[in-house]
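Here we start with a single chain on its own, the form predicted on its own, put down as structure tokens.
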């Protein structure tokens, strides 16, 4: 038993250290700052001042009575739900498509889908800046003008006529292209780990590709589906990098194109620089993430999957 504990500490120790250093400690600091009136990063003045739940009361008041903040909440819900479906099921479909391809063609196809993830965030966002630009230099506007589908350039992410759907479409599209490749790689690796003999035996018995997918590939990748679903949900709740650049570059509206995570970042660093309020908002977001994670794991049957198998293997 002692040897087992030592082995667990040896293998899990580095991972636990990284989690504590980059998540647990920052989380505690964020919670601490949420009870202070800190602004403008004036640590010396505000770090030891405690104001109780005032920042949370301000946050609740803003959510209830500020229409811009209500738009942020709605945008967050729409963004996370729609992009999560795209990332998980889009990645699953891509993995299935590449699994039944020739190895070389599969590798080339996956490489193309991985390009958005391998491209630096600034470069990737800049590409979509020029694509969705509201003037005639925008690639989308150029195409639509040449096809005579529009008679003047449109600002899909800014024009009130297209809001909120235009801004939602852009941020979901841009983030979805990055996220879908992650699911593709995880699911493809899971499919490749399934013994080929099962697929060959099914083919010999006359099973179609659809039946192989339904009765072999999908049932044997429940773990991977659960992991991708929960991981991508957490990632989408916390992501803001590409969206921040699109907002700053005036590609999407700063209200309907802003998620909760981006609101936290902008409140702390670029707009009001109110770190106390931003910390309260980030703490609330962390709580929501934990609750949704637990619900998702229970809904996907995580407890049953971690039970020890009955009998000897």
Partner chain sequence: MVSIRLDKVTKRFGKVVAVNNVSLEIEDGKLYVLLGPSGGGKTTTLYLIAGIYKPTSGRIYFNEKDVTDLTPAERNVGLVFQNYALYPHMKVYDNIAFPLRLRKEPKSKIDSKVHEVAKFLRIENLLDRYPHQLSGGQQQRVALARALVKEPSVLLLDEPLSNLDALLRVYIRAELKRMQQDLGITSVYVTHDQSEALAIADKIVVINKGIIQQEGTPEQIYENPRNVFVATFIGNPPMNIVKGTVLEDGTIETTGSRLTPPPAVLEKIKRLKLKNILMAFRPENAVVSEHPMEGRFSPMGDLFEVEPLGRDAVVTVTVGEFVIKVVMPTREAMQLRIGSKVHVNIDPSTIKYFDPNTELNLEYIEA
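Positions refer to the first chain, counted from 1. As the structure is a computational prediction, the values presented were derived from the model and not from experiment.
Absent from the display: the form predicted in complex with the partner chain. The rest refers to it.
*Asks:* Report yes if all three of 202, 206 and 220 come within 4.5 Å of the partner chain in the predicted complex by some heavy atom, otherwise no.
*Replies:* So, yes: the whole triplet contacts the partner chain.
*Asks:* Could you spot which one of 73, 198, 144, 81 gets a heavy atom to within 4.5 Å of the partner chain in the predicted complex?
*Replies:* For this set of options, the contacting one is 198.
*Asks:* So the partner chain isn't shown here. In the predicted complex, which residue out of 152, 161, 211, 148 has a non-hydrogen atom within 4.5 Å of it?
*Replies:* Exactly one residue meets the criterion: 211.
*Asks:* Closest heavy atom of residue 85 to the partner chain in the predicted complex, within 4.5 Å or not?
*Replies:* Because no heavy atom of residue 85 falls inside 4.5 Å of the partner chain in the predicted complex, the answer is no.
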